[in-house]
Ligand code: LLP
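Presented as C-alpha coordinates, the chain that follows is alone, the form predicted alone.
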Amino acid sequence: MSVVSPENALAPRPFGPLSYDADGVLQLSGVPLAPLTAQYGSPLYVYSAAHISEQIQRLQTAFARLDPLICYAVKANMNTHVIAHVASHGVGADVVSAGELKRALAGGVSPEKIVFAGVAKQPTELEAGLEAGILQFNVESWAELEALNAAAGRMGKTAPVALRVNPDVDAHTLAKITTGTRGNKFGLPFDDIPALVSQMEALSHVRLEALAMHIGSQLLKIQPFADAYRRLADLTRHLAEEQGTRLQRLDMGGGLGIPYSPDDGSGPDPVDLAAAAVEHLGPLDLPIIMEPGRFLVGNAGVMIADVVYTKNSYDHRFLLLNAGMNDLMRPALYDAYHHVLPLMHSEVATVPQDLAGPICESTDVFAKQRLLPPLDEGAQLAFCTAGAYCAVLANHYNGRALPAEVLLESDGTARLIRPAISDEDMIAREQTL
(Lines give C-alpha, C1' and ligand atoms only; values in the text may rest on other atoms or scores of the structure.)
Protein backbone atom coordinates (compact mmCIF):
# COMPACT_ATOMS: atom_id res chain seq x y z
CA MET A 1 0.00 0.00 0.00
CA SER A 2 1.14 3.55 -0.69
CA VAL A 3 2.98 5.48 1.99
CA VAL A 4 2.51 9.21 2.55
CA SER A 5 5.28 11.39 3.92
CA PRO A 6 4.78 12.53 7.56
CA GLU A 7 4.38 16.20 6.64
CA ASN A 8 1.43 15.25 4.41
CA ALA A 9 -0.28 12.88 6.83
CA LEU A 10 -3.05 15.36 7.66
CA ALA A 11 -2.95 17.46 4.50
CA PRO A 12 -6.30 18.09 2.81
CA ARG A 13 -6.55 16.89 -0.75
CA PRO A 14 -4.16 18.77 -2.99
CA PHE A 15 -6.65 18.57 -5.82
CA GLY A 16 -10.27 18.61 -4.79
CA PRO A 17 -12.90 20.33 -2.71
CA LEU A 18 -11.83 19.32 0.84
CA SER A 19 -10.61 21.86 3.39
CA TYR A 20 -10.63 22.60 7.12
CA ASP A 21 -12.37 25.78 8.23
CA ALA A 22 -11.03 28.16 10.90
CA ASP A 23 -12.50 25.95 13.64
CA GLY A 24 -10.82 22.81 12.31
CA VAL A 25 -14.03 21.36 10.83
CA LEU A 26 -13.58 19.34 7.63
CA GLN A 27 -15.68 20.63 4.75
CA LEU A 28 -16.51 19.39 1.28
CA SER A 29 -17.04 22.33 -1.09
CA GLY A 30 -17.55 24.53 1.94
CA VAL A 31 -20.17 22.27 3.59
CA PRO A 32 -19.28 20.80 7.04
CA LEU A 33 -19.39 17.01 6.90
CA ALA A 34 -20.11 16.03 10.51
CA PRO A 35 -23.73 17.31 10.56
CA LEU A 36 -24.52 15.17 7.54
CA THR A 37 -23.81 11.94 9.44
CA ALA A 38 -26.10 13.10 12.24
CA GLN A 39 -28.87 13.42 9.65
CA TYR A 40 -28.18 10.49 7.31
CA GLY A 41 -26.12 8.06 9.39
CA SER A 42 -22.67 6.55 9.02
CA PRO A 43 -21.00 5.16 6.97
CA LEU A 44 -22.03 7.78 4.44
CA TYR A 45 -21.03 8.74 0.92
CA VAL A 46 -21.07 12.46 0.11
CA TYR A 47 -20.44 13.98 -3.34
CA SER A 48 -19.82 17.55 -4.49
CA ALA A 49 -21.80 18.59 -7.57
CA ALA A 50 -19.70 21.75 -7.85
CA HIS A 51 -16.48 19.75 -8.17
CA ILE A 52 -17.98 17.49 -10.84
CA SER A 53 -18.96 20.60 -12.79
CA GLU A 54 -15.44 21.99 -12.45
CA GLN A 55 -13.91 18.78 -13.80
CA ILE A 56 -16.25 18.74 -16.80
CA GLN A 57 -15.35 22.35 -17.53
CA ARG A 58 -11.62 21.57 -17.24
CA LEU A 59 -11.98 18.90 -19.92
CA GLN A 60 -14.13 21.05 -22.16
CA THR A 61 -11.64 23.91 -21.96
CA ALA A 62 -8.58 21.71 -22.47
CA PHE A 63 -10.11 19.97 -25.50
CA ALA A 64 -11.69 23.05 -27.06
CA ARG A 65 -9.80 22.55 -30.35
CA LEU A 66 -11.22 19.04 -30.82
CA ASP A 67 -14.63 19.71 -29.24
CA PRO A 68 -15.18 16.04 -28.35
CA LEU A 69 -18.39 14.38 -27.30
CA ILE A 70 -17.71 13.60 -23.63
CA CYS A 71 -19.37 10.34 -22.60
CA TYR A 72 -19.27 9.81 -18.84
CA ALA A 73 -18.21 6.27 -17.84
CA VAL A 74 -21.25 5.32 -15.76
CA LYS A 75 -19.42 2.43 -14.08
CA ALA A 76 -17.45 4.97 -12.00
CA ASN A 77 -20.56 6.13 -10.13
CA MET A 78 -23.96 4.99 -11.37
CA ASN A 79 -26.26 6.94 -9.08
CA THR A 80 -28.92 8.40 -11.38
CA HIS A 81 -28.70 11.80 -9.63
CA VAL A 82 -24.97 11.95 -10.33
CA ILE A 83 -25.65 10.96 -13.94
CA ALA A 84 -28.33 13.65 -14.20
CA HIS A 85 -25.92 16.30 -12.93
CA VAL A 86 -23.30 15.24 -15.46
CA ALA A 87 -25.90 15.17 -18.25
CA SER A 88 -26.97 18.72 -17.38
CA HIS A 89 -23.65 19.82 -18.88
CA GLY A 90 -24.46 18.23 -22.24
CA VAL A 91 -22.38 15.14 -21.46
CA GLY A 92 -23.28 11.70 -22.79
CA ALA A 93 -22.67 8.26 -21.29
CA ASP A 94 -20.40 5.25 -21.73
CA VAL A 95 -22.28 2.18 -20.48
CA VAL A 96 -21.28 -1.47 -20.16
CA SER A 97 -24.59 -3.19 -19.40
CA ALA A 98 -28.31 -2.89 -19.99
CA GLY A 99 -28.62 -1.80 -16.36
CA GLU A 100 -26.22 1.10 -16.90
CA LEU A 101 -28.06 1.95 -20.12
CA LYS A 102 -31.32 2.19 -18.16
CA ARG A 103 -29.62 4.38 -15.57
CA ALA A 104 -28.17 6.69 -18.21
CA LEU A 105 -31.58 7.13 -19.82
CA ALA A 106 -33.21 7.64 -16.42
CA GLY A 107 -30.58 10.31 -15.69
CA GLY A 108 -31.61 12.23 -18.79
CA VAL A 109 -28.76 11.30 -21.15
CA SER A 110 -29.79 11.56 -24.82
CA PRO A 111 -29.64 8.13 -26.55
CA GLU A 112 -27.64 9.63 -29.41
CA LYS A 113 -24.91 10.44 -26.88
CA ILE A 114 -24.63 6.90 -25.47
CA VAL A 115 -21.81 4.47 -26.26
CA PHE A 116 -22.32 0.80 -25.27
CA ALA A 117 -19.05 -1.00 -24.42
CA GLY A 118 -18.29 -4.35 -22.76
CA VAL A 119 -16.97 -7.72 -23.93
CA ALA A 120 -19.99 -9.98 -23.31
CA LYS A 121 -23.13 -8.09 -24.24
CA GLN A 122 -26.07 -10.48 -24.20
CA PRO A 123 -28.65 -10.49 -27.02
CA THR A 124 -31.21 -8.79 -24.77
CA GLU A 125 -28.66 -6.04 -24.05
CA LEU A 126 -27.92 -5.56 -27.73
CA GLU A 127 -31.65 -5.30 -28.38
CA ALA A 128 -32.01 -2.74 -25.58
CA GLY A 129 -29.33 -0.56 -27.16
CA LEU A 130 -30.91 -0.87 -30.60
CA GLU A 131 -34.35 -0.06 -29.22
CA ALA A 132 -32.99 3.04 -27.45
CA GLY A 133 -31.26 4.27 -30.61
CA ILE A 134 -27.80 4.71 -29.09
CA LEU A 135 -24.87 6.32 -30.89
CA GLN A 136 -22.70 3.19 -31.21
CA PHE A 137 -21.83 -0.26 -29.95
CA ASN A 138 -18.14 -0.69 -29.14
CA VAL A 139 -17.71 -4.24 -30.43
CA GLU A 140 -14.94 -6.44 -29.02
CA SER A 141 -15.14 -9.74 -30.94
CA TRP A 142 -16.33 -11.26 -34.20
CA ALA A 143 -18.86 -13.33 -32.25
CA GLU A 144 -20.34 -10.13 -30.85
CA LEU A 145 -20.54 -8.66 -34.36
CA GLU A 146 -22.51 -11.70 -35.51
CA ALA A 147 -24.82 -11.49 -32.50
CA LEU A 148 -25.38 -7.77 -33.06
CA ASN A 149 -26.06 -8.35 -36.76
CA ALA A 150 -28.65 -11.01 -35.86
CA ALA A 151 -30.33 -8.80 -33.25
CA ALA A 152 -30.50 -5.85 -35.64
CA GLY A 153 -31.89 -8.10 -38.37
CA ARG A 154 -34.67 -9.34 -36.09
CA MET A 155 -35.58 -5.74 -35.31
CA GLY A 156 -35.29 -4.45 -38.85
CA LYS A 157 -32.46 -2.08 -37.91
CA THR A 158 -28.84 -1.41 -38.80
CA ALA A 159 -26.50 -1.26 -35.82
CA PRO A 160 -23.83 1.49 -35.65
CA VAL A 161 -20.50 -0.15 -34.79
CA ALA A 162 -17.15 0.98 -33.44
CA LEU A 163 -14.50 -1.73 -33.44
CA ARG A 164 -12.60 -1.59 -30.16
CA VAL A 165 -8.91 -1.91 -30.93
CA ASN A 166 -6.44 -3.42 -28.48
CA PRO A 167 -3.24 -1.56 -29.44
CA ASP A 168 -0.91 -3.58 -27.18
CA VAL A 169 0.29 -0.42 -25.43
CA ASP A 170 1.65 -0.55 -21.87
CA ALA A 171 -0.51 1.84 -19.85
CA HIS A 172 1.96 2.03 -16.90
CA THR A 173 -0.84 1.56 -14.39
CA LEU A 174 -1.96 -1.26 -12.08
CA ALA A 175 -2.05 -4.63 -13.84
CA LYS A 176 -5.62 -5.18 -12.65
CA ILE A 177 -6.89 -2.05 -14.42
CA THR A 178 -4.86 -2.32 -17.63
CA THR A 179 -7.01 -3.07 -20.68
CA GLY A 180 -4.91 -2.39 -23.79
CA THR A 181 -2.14 -5.01 -23.84
CA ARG A 182 -2.07 -8.50 -25.34
CA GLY A 183 -3.51 -10.97 -22.90
CA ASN A 184 -6.26 -8.58 -21.76
CA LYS A 185 -9.82 -9.70 -22.49
CA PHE A 186 -10.67 -6.32 -24.00
CA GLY A 187 -10.63 -5.27 -27.63
CA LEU A 188 -9.62 -6.76 -30.97
CA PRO A 189 -5.97 -7.34 -31.92
CA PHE A 190 -4.62 -4.31 -33.77
CA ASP A 191 -3.36 -6.29 -36.76
CA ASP A 192 -6.70 -8.10 -37.21
CA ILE A 193 -8.74 -4.96 -37.83
CA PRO A 194 -8.26 -4.60 -41.62
CA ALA A 195 -9.42 -8.18 -42.23
CA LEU A 196 -12.36 -7.77 -39.86
CA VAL A 197 -13.44 -4.62 -41.67
CA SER A 198 -13.51 -6.58 -44.93
CA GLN A 199 -15.42 -9.46 -43.34
CA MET A 200 -18.03 -7.05 -41.99
CA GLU A 201 -19.22 -6.47 -45.54
CA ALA A 202 -20.97 -9.85 -45.31
CA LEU A 203 -23.06 -8.65 -42.36
CA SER A 204 -25.95 -6.62 -43.72
CA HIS A 205 -27.32 -5.27 -40.44
CA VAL A 206 -24.19 -3.66 -38.97
CA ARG A 207 -22.45 -0.50 -40.16
CA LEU A 208 -18.86 0.40 -39.29
CA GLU A 209 -18.75 4.02 -38.14
CA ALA A 210 -15.75 4.28 -35.83
CA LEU A 211 -12.71 2.80 -34.18
CA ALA A 212 -12.53 2.83 -30.39
CA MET A 213 -9.69 2.43 -27.92
CA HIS A 214 -9.31 2.36 -24.13
CA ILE A 215 -5.98 1.25 -22.69
CA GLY A 216 -6.67 1.33 -18.96
CA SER A 217 -7.74 3.28 -15.92
CA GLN A 218 -5.95 5.65 -13.55
CA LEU A 219 -3.15 6.58 -15.98
CA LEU A 220 -0.84 9.21 -14.52
CA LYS A 221 1.47 9.53 -17.53
CA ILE A 222 0.56 11.01 -20.91
CA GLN A 223 2.99 8.99 -23.05
CA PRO A 224 0.88 5.78 -23.13
CA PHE A 225 -2.07 7.84 -24.39
CA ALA A 226 0.13 9.42 -27.07
CA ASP A 227 1.40 5.99 -28.15
CA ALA A 228 -2.15 4.64 -28.42
CA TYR A 229 -3.44 7.70 -30.30
CA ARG A 230 -0.60 7.40 -32.80
CA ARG A 231 -1.47 3.77 -33.49
CA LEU A 232 -5.17 4.63 -33.76
CA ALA A 233 -4.37 7.38 -36.28
CA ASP A 234 -2.12 5.07 -38.31
CA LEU A 235 -4.84 2.42 -38.47
CA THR A 236 -7.47 4.99 -39.49
CA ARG A 237 -5.27 6.18 -42.36
CA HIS A 238 -4.56 2.60 -43.44
CA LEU A 239 -8.27 1.78 -43.64
CA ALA A 240 -8.94 4.90 -45.70
CA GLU A 241 -5.99 4.65 -48.06
CA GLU A 242 -5.73 0.88 -48.52
CA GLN A 243 -9.34 -0.26 -48.17
CA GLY A 244 -11.39 2.83 -48.94
CA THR A 245 -13.04 2.69 -45.51
CA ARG A 246 -13.73 6.17 -44.20
CA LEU A 247 -14.85 6.45 -40.60
CA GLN A 248 -17.33 8.92 -39.18
CA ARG A 249 -15.57 9.41 -35.82
CA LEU A 250 -12.96 8.08 -33.40
CA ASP A 251 -13.43 7.02 -29.78
CA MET A 252 -10.29 7.77 -27.74
CA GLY A 253 -11.60 6.17 -24.54
CA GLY A 254 -10.85 7.42 -21.05
CA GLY A 255 -8.48 6.54 -18.23
CA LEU A 256 -6.99 9.90 -17.20
CA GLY A 257 -5.88 9.50 -13.59
CA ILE A 258 -6.38 11.63 -10.51
CA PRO A 259 -4.29 12.11 -7.34
CA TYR A 260 -5.13 9.82 -4.42
CA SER A 261 -2.25 10.81 -2.16
CA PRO A 262 -1.05 14.32 -1.22
CA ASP A 263 2.36 13.24 -2.46
CA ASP A 264 0.86 12.73 -5.93
CA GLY A 265 0.63 16.49 -6.47
CA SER A 266 -2.21 17.63 -8.70
CA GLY A 267 -2.16 14.65 -11.02
CA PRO A 268 -1.90 14.74 -14.82
CA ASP A 269 -3.15 17.86 -16.58
CA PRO A 270 -5.91 17.36 -19.19
CA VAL A 271 -4.22 20.11 -21.21
CA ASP A 272 -1.31 17.71 -21.81
CA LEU A 273 -3.70 14.92 -22.77
CA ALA A 274 -5.43 17.26 -25.20
CA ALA A 275 -2.09 18.19 -26.76
CA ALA A 276 -1.37 14.52 -27.46
CA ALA A 277 -4.82 14.06 -28.98
CA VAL A 278 -4.47 17.16 -31.14
CA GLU A 279 -1.06 16.03 -32.39
CA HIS A 280 -2.08 12.52 -33.41
CA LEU A 281 -5.86 12.60 -33.96
CA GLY A 282 -6.38 16.23 -34.93
CA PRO A 283 -4.97 15.90 -38.49
CA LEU A 284 -7.59 13.23 -39.28
CA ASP A 285 -10.33 15.87 -38.96
CA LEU A 286 -12.84 13.41 -37.49
CA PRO A 287 -15.26 13.98 -34.58
CA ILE A 288 -13.87 12.62 -31.31
CA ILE A 289 -15.47 10.80 -28.38
CA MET A 290 -13.80 10.64 -24.96
CA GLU A 291 -14.97 8.60 -21.97
CA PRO A 292 -13.83 9.96 -18.59
CA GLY A 293 -15.20 8.46 -15.40
CA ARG A 294 -12.92 8.70 -12.39
CA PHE A 295 -11.58 12.07 -13.58
CA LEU A 296 -15.05 13.63 -13.28
CA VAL A 297 -16.29 12.15 -10.02
CA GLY A 298 -13.38 10.61 -8.08
CA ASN A 299 -12.23 13.61 -6.09
CA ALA A 300 -15.80 14.85 -5.73
CA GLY A 301 -16.61 12.22 -3.11
CA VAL A 302 -15.77 11.09 0.40
CA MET A 303 -16.88 8.19 2.55
CA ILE A 304 -17.34 9.00 6.24
CA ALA A 305 -16.82 6.32 8.89
CA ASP A 306 -16.86 6.21 12.71
CA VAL A 307 -14.24 4.78 15.05
CA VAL A 308 -16.12 2.08 17.01
CA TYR A 309 -13.21 0.78 19.08
CA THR A 310 -9.49 1.32 19.49
CA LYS A 311 -7.25 -1.66 20.13
CA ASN A 312 -3.61 -2.23 20.94
CA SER A 313 -2.27 -5.56 19.74
CA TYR A 314 1.43 -6.33 19.99
CA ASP A 315 3.11 -3.35 18.32
CA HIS A 316 0.02 -2.16 16.36
CA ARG A 317 -2.64 0.34 17.31
CA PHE A 318 -5.92 -0.33 15.54
CA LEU A 319 -8.80 1.98 14.73
CA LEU A 320 -11.75 -0.36 14.25
CA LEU A 321 -14.38 1.31 12.10
CA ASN A 322 -18.07 0.89 11.36
CA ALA A 323 -17.23 0.78 7.63
CA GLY A 324 -15.75 -2.30 6.05
CA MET A 325 -14.44 -3.62 2.78
CA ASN A 326 -18.06 -4.17 1.75
CA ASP A 327 -18.47 -0.37 1.81
CA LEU A 328 -15.10 0.53 0.25
CA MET A 329 -13.55 -2.37 -1.64
CA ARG A 330 -10.66 -0.69 -3.45
CA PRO A 331 -8.01 -1.25 -0.73
CA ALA A 332 -8.86 -4.96 -0.49
CA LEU A 333 -9.29 -5.34 -4.27
CA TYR A 334 -6.28 -3.38 -5.52
CA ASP A 335 -4.20 -2.52 -2.43
CA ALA A 336 -5.43 0.96 -3.31
CA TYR A 337 -4.53 4.03 -1.26
CA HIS A 338 -7.21 6.41 0.04
CA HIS A 339 -6.10 9.45 1.98
CA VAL A 340 -7.87 9.66 5.35
CA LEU A 341 -8.66 12.83 7.29
CA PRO A 342 -10.31 13.30 10.71
CA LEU A 343 -13.54 15.28 10.52
CA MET A 344 -12.07 17.44 13.30
CA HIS A 345 -8.53 18.68 12.79
CA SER A 346 -6.11 17.89 15.59
CA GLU A 347 -2.73 19.37 16.48
CA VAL A 348 -1.80 16.23 18.44
CA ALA A 349 1.25 14.46 17.04
CA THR A 350 0.42 11.67 14.62
CA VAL A 351 1.19 8.04 15.36
CA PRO A 352 1.09 4.97 13.09
CA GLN A 353 -2.28 3.20 13.21
CA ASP A 354 -4.02 0.43 11.30
CA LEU A 355 -7.52 1.18 10.00
CA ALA A 356 -9.71 -1.91 9.84
CA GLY A 357 -13.39 -2.72 9.49
CA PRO A 358 -15.88 -5.21 10.99
CA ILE A 359 -15.89 -7.79 8.16
CA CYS A 360 -14.74 -11.30 9.01
CA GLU A 361 -11.93 -11.29 6.46
CA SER A 362 -8.25 -10.58 6.97
CA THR A 363 -8.37 -8.35 3.88
CA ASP A 364 -10.78 -5.96 5.64
CA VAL A 365 -8.00 -3.45 6.31
CA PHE A 366 -8.06 0.02 4.75
CA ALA A 367 -4.57 1.11 5.73
CA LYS A 368 -1.59 -0.10 7.75
CA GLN A 369 0.62 2.13 9.87
CA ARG A 370 -1.20 5.22 8.65
CA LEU A 371 -0.07 8.43 10.39
CA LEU A 372 -3.05 9.93 12.23
CA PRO A 373 -3.70 11.53 15.62
CA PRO A 374 -4.40 8.89 18.32
CA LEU A 375 -8.16 9.13 17.78
CA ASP A 376 -10.65 7.91 20.35
CA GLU A 377 -13.85 5.92 20.02
CA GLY A 378 -16.57 8.04 18.44
CA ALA A 379 -14.18 10.03 16.26
CA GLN A 380 -15.09 10.30 12.59
CA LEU A 381 -12.89 9.95 9.53
CA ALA A 382 -13.31 10.86 5.86
CA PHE A 383 -11.90 8.57 3.18
CA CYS A 384 -10.95 10.89 0.32
CA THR A 385 -11.26 10.32 -3.42
CA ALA A 386 -14.28 8.09 -2.89
CA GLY A 387 -16.53 9.38 -5.66
CA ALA A 388 -15.49 6.70 -8.18
CA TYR A 389 -15.44 2.90 -7.98
CA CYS A 390 -16.48 2.95 -4.33
CA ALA A 391 -20.25 3.03 -3.79
CA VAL A 392 -20.70 1.08 -7.05
CA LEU A 393 -18.64 -1.80 -5.61
CA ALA A 394 -20.36 -1.82 -2.22
CA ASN A 395 -22.18 -5.00 -1.20
CA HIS A 396 -24.14 -6.66 1.60
CA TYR A 397 -21.45 -9.13 2.68
CA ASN A 398 -21.76 -10.17 6.36
CA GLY A 399 -25.32 -8.83 6.33
CA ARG A 400 -24.14 -5.23 6.20
CA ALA A 401 -26.24 -2.30 5.05
CA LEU A 402 -25.30 -0.27 1.99
CA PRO A 403 -24.45 3.32 3.04
CA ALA A 404 -26.65 6.23 2.04
CA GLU A 405 -25.45 8.65 -0.63
CA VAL A 406 -25.78 12.44 -0.43
CA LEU A 407 -25.18 14.99 -3.18
CA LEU A 408 -24.14 18.52 -2.26
CA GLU A 409 -25.79 20.77 -4.81
CA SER A 410 -23.85 23.67 -6.28
CA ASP A 411 -25.55 26.02 -3.79
CA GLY A 412 -24.40 23.84 -0.85
CA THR A 413 -27.77 22.17 -0.26
CA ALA A 414 -27.43 18.55 0.85
CA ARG A 415 -29.78 16.14 -0.91
CA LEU A 416 -30.26 12.46 -0.13
CA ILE A 417 -29.87 10.63 -3.45
CA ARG A 418 -30.03 7.07 -2.11
CA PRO A 419 -31.14 5.98 1.35
CA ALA A 420 -29.19 3.32 3.19
CA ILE A 421 -30.25 -0.18 2.12
CA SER A 422 -30.36 -2.47 5.13
CA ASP A 423 -30.32 -6.23 5.38
CA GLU A 424 -33.93 -5.96 6.55
CA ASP A 425 -34.70 -4.45 3.14
CA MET A 426 -33.02 -7.39 1.45
CA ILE A 427 -34.83 -9.95 3.66
CA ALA A 428 -38.14 -8.30 2.88
CA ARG A 429 -37.47 -8.78 -0.82
CA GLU A 430 -36.65 -12.43 -0.30
CA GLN A 431 -39.84 -13.02 1.71
CA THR A 432 -42.04 -11.62 -1.05
CA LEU A 433 -41.10 -14.60 -3.28
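Residues carry their position along the shown sequence, with the first being 1. The model shown is predicted, which means the values in this text are computed figures rather than measured ones.
What comes next is about the form predicted in complex with the ligand, which does not appear here.
- Among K75, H81, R103, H280, the residue placing a heavy atom within 4.5 Å of the ligand in the predicted bound form is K75.
- Comment: the ligand is not present in this chain, but in the predicted bound form one of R294, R249, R231, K113 has a heavy atom within 4.5 Å of it, namely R294.
- The stretch that touches the ligand in the predicted bound form, counting heavy atoms within 4.5 Å, is 285-293, out of 84-92, 285-293, 235-243, 154-162.
- Three-residue candidate spot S261, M344 and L381; no residue lies within 4.5 angstroms of the ligand in the predicted bound form by any non-hydrogen atom.
- Within 4.5 Å of some heavy atom of the ligand in the predicted bound form lies at least one heavy atom of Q218.
- In the predicted bound form, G254 approaches the ligand with a heavy atom inside 4.5 Å.
- The shortest heavy atom separation between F366 and the ligand in the predicted bound form exceeds 4.5 Å.
- Among residues of the shown chain, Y389 is one whose heavy atoms approach the ligand to within 4.5 Å in the predicted bound form.
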